[in-house]
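Below you'll find only one chain, the form predicted on its own, shown as C-alpha cells.
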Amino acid sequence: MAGAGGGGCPAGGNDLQWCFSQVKGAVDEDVAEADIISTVEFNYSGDLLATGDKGGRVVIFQREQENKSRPHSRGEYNVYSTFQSHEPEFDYLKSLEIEEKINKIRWLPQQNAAHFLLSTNDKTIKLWKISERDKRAEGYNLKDEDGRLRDPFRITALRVPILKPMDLMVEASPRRIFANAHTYHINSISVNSDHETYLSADDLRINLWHLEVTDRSFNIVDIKPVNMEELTEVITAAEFHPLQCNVFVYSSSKGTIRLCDMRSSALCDRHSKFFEEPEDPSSRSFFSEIISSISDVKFSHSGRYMMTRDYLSVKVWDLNMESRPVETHQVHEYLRSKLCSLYENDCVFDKFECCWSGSDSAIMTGSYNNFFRMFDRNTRRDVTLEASRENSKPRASLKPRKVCTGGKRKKDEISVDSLDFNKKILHTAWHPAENVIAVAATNNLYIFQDKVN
C-alpha cells in the first residue's frame, strides 16, 4: 500500500500493508436507526473496544488470547458485554425529547480486576463498572438453594457457605450518574490525567466533575452571552491534555482552538493560548465559515501536538506555535466544488472525528462512500482506503482507492459524482500500541490490522 504510516510499532522503514481482520454487524440493506454506531473507543491497553449506538446501547468487544499454534495471527475481538446505557427521556419543562443516542464513551485507566467507562447522551453522563463473576456462594444458613428463606427456628446447625465455580458472567452496573448540569447538548467528555476528574462540554459551557461526586460540578468555561442574539460561536469539542492535569483545549464553530490553564483562574473564560489560521481572502465563499467549524480536537499521546478536523481537512498544531498549523492534510478537497449540494442535503454539517496512531506518526479520519484517510507524518504520504464487505476475506489486503475529479476516469478510480454520501465514516479508533484500527461504517464495525508476515 502506498504509505499509511506507522502506528504503535515501528514499520521497519517499509510502508504498512493494511488487511481486513473482522466485521461486526448485520448485513441488512435496511438499517435500523437504533443500530447506527455513534462512537468507538479502545481502552488504555487496547484489549477492550467499546462502541455506542443511537439506540443507547454499549457493546464491548474483548480481544481473544493469541493462538500459540499460529504465532503470527492476532487475537480477534469478540463480544464481551452488551448493555443498555441510556433510555429515551422527556424533559417536561422544555417539552423536549432527550435521545438515548450515546455521544461519547471514555475509558478510565484500569485500577483493579474491573473496568470502568464513562458514557454520555445529550444530557446525562454515567459511570459504568464492568466486572466478571465466575463463582457463586452455596450453603447459606438462612436461605434454601432455590433462594427461599428458611425458618430460623428449624436451623439446628451452622454451616459455612462455600464458593462454587460457575459459568463466566460479565456484569455491567451503573456506579455513578452525573445529571442535570447541562442546558445544551453534551458533545465531549474527557478524563483528566489525574484519573480523579473529568470534563464535559456542551455548546456553550464546559463543566469539571469529580468522579466520586455526582451532585455538583464546577463550571470552568462559559461563553453564553447575556443576549443570545449576540451569539457568534459555539463549543464543538473539548479535551484534557494527556500529561498536564491543569491544561485543556476546546474548539469552536469558527475554526479556532483555545488552550486554557486551570491554575490561572477558576473560570477559564480567558484562554492562555489561541490557535487560529489566518483565512486566505481569495478563497472566501458563502461556505467558508461552515466548513471551517472544527468537529474534533485530539492531543497527541506525547502531548506536544494537537490535531483538529474541519469539514475538508485535518490540521496538526504544535502547542508552542499558535499562528498556524505545522501540517495541513486535505481529506477530500474534491468536494469543494460540491459544497452547494452538500449544503442542501445537510452533509456539510457532518461531524467527522480523527485519531492518532500509538506512536503519533500517523493520523486517520473518515470520509464519504465508506472511505477513510490515513496520513503518514514522516513520509508525507497519504492513502484512501475503503471499509467494505466486498473485500472482507480474512487477511485480504486493502487496495488504495482514488477519486477522479474530472476528465477521463481510469480503471480503478471512482468518479466524484458517484460517491455515496449516505455511507460516511464519522467514528474511528486506533489501538494505543499496535497497528489495529476500528472503523464504524453505519451499523457495521470494521477492524483492520497491518499485514504481519
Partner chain sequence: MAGAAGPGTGPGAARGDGDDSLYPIAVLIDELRNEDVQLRLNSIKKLSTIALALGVERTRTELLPFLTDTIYDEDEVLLALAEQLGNFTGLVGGPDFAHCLLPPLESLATVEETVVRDKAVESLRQISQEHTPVALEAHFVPLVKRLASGDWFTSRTSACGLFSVCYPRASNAVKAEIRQHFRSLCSDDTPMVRRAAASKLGEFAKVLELDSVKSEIVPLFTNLASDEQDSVRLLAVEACVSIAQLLSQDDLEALVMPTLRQAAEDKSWRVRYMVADKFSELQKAVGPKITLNDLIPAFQNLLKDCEAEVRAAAAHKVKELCENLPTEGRETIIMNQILPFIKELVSDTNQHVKSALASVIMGLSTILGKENTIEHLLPLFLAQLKDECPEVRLNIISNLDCVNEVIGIRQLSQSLLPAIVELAEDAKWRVRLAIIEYMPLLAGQLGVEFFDEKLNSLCMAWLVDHVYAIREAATSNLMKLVQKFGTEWAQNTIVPKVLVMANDPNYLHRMTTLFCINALSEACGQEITTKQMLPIVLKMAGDQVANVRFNVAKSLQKIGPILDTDALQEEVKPVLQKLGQDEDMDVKYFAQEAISVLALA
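Just so we're on the same page, rigid core means the largest C-alpha set that superposes within 1.5 Å between forms. This structure is a prediction, so every number in the text was calculated from the model and none was measured. Residue numbers count along the first chain shown, from 1.
Here the subject shifts to the form predicted together with the partner chain, a form of this protein not shown in this document.
- Though the partner chain is absent from this view, in the predicted complex it lies within 4.5 Å of a heavy atom of just one residue from Glu196, Glu233, Glu327, Glu87, which is Glu196.
- With the partner omitted from this view, the residue of Thr379, Asn246, Ser341, Asn78 that lies near the partner chain in the predicted complex is Asn246 [heavy atom within 4.5 Å].
- Contact with the partner chain, judged by heavy atoms within 4.5 Å in the predicted complex, is confined among 329-337, 347-355, 161-169, 199-207 to 161-169.
- Although the partner is absent here, Asp269 is not a contact residue: none of its heavy atoms lies within 4.5 angstroms of the partner chain in the predicted complex.
- The shortest heavy atom separation between Asn141 and the partner chain in the predicted complex is within 4.5 Å.
- When contacts are judged by a 4.5 Å heavy atom cut-off, Met262 counts as touching the partner chain in the predicted complex.
- The partner chain in the predicted complex comes within 4.5 Å of a heavy atom belonging to Ile155.
- Relative to the superposed core, Lys164 undergoes a Cα shift smaller than 2 Å between this form and the one not shown.
- With a cut-off of 2 Å and the rigid core superposed, Ile155 has a Cα displacement that reaches or exceeds the cut-off between this form and the one not shown.
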